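Here we start with a single chain on its own, the form predicted alone, put down as structure tokens.
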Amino acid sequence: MNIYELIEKRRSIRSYLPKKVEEEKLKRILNAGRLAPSGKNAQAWKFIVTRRSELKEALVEACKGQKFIAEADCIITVCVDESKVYQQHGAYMTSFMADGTIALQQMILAATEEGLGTCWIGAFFEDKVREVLKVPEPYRIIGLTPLGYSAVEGKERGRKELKEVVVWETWEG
């Protein structure tokens, strides 16, 4: 499958089979995150792979009651050390969010290539995730994704037409 087909195939999965993800697939997915670009090549991330059921259940509560995440074989949490990232991203913020987001998206696309389901989880309480996973300061939690075999086919959510999201040369065109 080429990259364009892969991007089109990716879906948010909210139901998982009770099947273990093979270690070689998991390692390839994590490596895809490791290879992501980051501001000034800081690579200030850590990826937490959670498989223990009691921790996954605790993450359900930390993720605003999204029960389906605990169905997956594992949950990957992306954390970034904000003190070690590029400090002048756009000349007004640090690159911690962009760096972590790119790494997570690369893992999500790699999981799709491996025939696995994911769902970008941005609805969470950072302090609760930090407590459950014992994430130290100054790391920030960027997002999480369940990772496992899909029990359902993901829904096509529709996308805006290209002409609705692209302008040429300047905002006014």
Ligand SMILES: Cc1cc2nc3c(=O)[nH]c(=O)nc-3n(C[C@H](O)[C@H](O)[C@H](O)COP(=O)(O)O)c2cc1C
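On a predicted model such as this, the values are computed, not experimentally measured, just so you know. Each residue number is its position in the shown sequence, starting from 1.
Beyond what is shown, the protein has a form predicted in complex with the named molecule; the following relates to that form.
**Student:** Exactly one residue in 116, 129, 26, 121 has a non-hydrogen atom within 4.5 Å of the named molecule in the predicted complex; which is it?
**Tutor:** Going through each option in turn, the one that passes is 121.
**Student:** Can any non-hydrogen atom of residue 43 be found within 4.5 angstroms of the named molecule in the predicted complex?
**Tutor:** Residue 43: no, not in contact with the named molecule in the predicted complex.
**Student:** Tell me, yes or no, whether residue 20 is in contact with the named molecule in the predicted complex, where a contact means a heavy atom of each within 4.5 Å.
**Tutor:** It does not: once the named molecule is placed as it appears in the predicted complex, residue 20 has no heavy atom within 4.5 Å of it.
**Student:** Taking heavy atoms only, is residue 15 within 4.5 angstroms of the named molecule in the predicted complex?
**Tutor:** It does not: once the named molecule is placed as it appears in the predicted complex, residue 15 has no heavy atom within 4.5 Å of it.
**Student:** Spell out, yes or no, whether the shortest heavy atom distance between residue 157 and the named molecule in the predicted complex is within 4.5 Å.
**Tutor:** Result yes; residue 157 sits at the interface with the named molecule in the predicted complex.
**Student:** If we take heavy atoms and a 4.5 Å cut-off, which stretch out of 29-37, 65-73, 45-53, 131-139 is in contact with the named molecule in the predicted complex?
**Tutor:** Correct option: 65-73.
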